[in-house]
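There is one chain below, alone, in structure tokens, taken in the form predicted alone.
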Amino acid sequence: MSTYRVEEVGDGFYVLRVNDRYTRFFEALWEIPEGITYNAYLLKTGEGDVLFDGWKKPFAGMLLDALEQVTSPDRLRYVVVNHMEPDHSGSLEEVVMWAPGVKVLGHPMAGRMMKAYPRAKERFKPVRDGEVLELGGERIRFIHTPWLHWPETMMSWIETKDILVTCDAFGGYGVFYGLFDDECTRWEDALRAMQKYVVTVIGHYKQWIGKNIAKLEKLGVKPKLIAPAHGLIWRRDPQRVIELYKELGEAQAKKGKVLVVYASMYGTVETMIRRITCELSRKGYKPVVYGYTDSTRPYIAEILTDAIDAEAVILAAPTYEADVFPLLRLAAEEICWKASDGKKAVIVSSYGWGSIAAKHLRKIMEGCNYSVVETIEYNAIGPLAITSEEARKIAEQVVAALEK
């Protein structure tokens, strides 16, 4: 059951948060057993109130209930749309119907994206980059931050309170980690959920993380509180989440970490991978292994989470119908799309009657800036077709290629 929470997190500044435990695949793609939150925010002023963003459409009725706890239709003056993706804007039309005098503010592009919200579109006013709204003694500056993670994304800097409302940026998955950074007792889980969020949602545009952080710094934005639309609110150490995002945007690698993703229909590739991971560990590497087999099926979101900070990637697959094993091809393509950072890659392949998978995998990885330092093919059908000595030689070849 989804629950919501309304709490004052600053003087006259409230969070309206709902826990979404129904969505199992965020954007219909990414596996999120940890769930996700939608955080909207309300600023109260002496001349009326401002709502920043909203919730996904299935929770629109609950959002109106939450709003009634802190404001009223006649007091709500503005709705700020920092980002038009429906997990934030899905409740927009209901909010506008609830507060018929409200004005809607957003990036100029957002107005062109409101076809599904005709009443909101009628009340829409675009805001320029750097434009300031003054209301009841509060100053709100709108800062365009493109590709975090759509081109019309912006942030709202409440200058009078040192609060930065960031929508998708500085957010993370998870409903179990508390409301604030200083309440979180499961740091490792929370940080991994954030890393997963960054690579799956923003990963393809991660070069914009550093660009937009630099823009905020140039503008002198030093928030005492960072209020994202997903996950933890940062009040104890807001600079920490900025640094975390900066590191992920730069795809900084953890020394020795090697991502190993393989597929094995009948055990041949798995036999090779076992020997390879043993050799990697013996040489001081830290392999993280995901295998597609007849009894295991890893989450692509977890693979990507480990791809972004791995020093190198090893992909191993059997040939399937004169091509790459389909799920391994998908994993390779998503690693390329979300985590292409010029790192090393090694490709290993088995084949029976035709050798082609390694060639195709190499083309995929080289096409997205990976440096393929070794390609190894082996003719074998079934695990007994590869001897222990042959597997050892392949493992040594893989490690030697990584150490070049």
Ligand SMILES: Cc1cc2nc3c(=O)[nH]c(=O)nc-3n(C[C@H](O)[C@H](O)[C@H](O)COP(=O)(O)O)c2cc1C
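No experiment lies behind these values; they were computed from the predicted model shown. Residue numbers run from 1 along the displayed sequence.
The same protein has a further form, the form predicted together with the ligand, not shown here; the description that follows concerns it.
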{"query": "In the predicted bound form, the one of Pro238, Gly291, Pro146, Gly267 near the ligand [non-hydrogen atom within 4.5 angstroms]", "finding": "Gly267"}
{"query": "Heavy atom within 4.5 Å of the ligand in the predicted bound form - the one residue of Gly106, Gly172, Pro318, Gly203 that qualifies", "finding": "Pro318"}
{"query": "Per-stretch contact check against the ligand in the predicted bound form, the hit in 302 to 310, 115 to 123, 164 to 172, 257 to 265 (non-hydrogen atom, 4.5 angstroms)", "finding": "257 to 265"}
{"query": "Interface membership of Trp30, the ligand in the predicted bound form, 4.5 Å heavy atom rule", "finding": "no"}
{"query": "4.5 Å heavy atom contact, Ala395 and the ligand in the predicted bound form", "finding": "no"}
{"query": "Contact test in the predicted bound form: Phe26 vs the ligand, heavy atoms, 4.5 Å", "finding": "no"}
{"query": "The ligand contact at Ile381 in the predicted bound form, heavy atom, 4.5 Å", "finding": "yes"}
{"query": "Residues in 3 to 23 close to the ligand in the predicted bound form, defined by a heavy atom within 4.5 Å, in order", "finding": "none"}
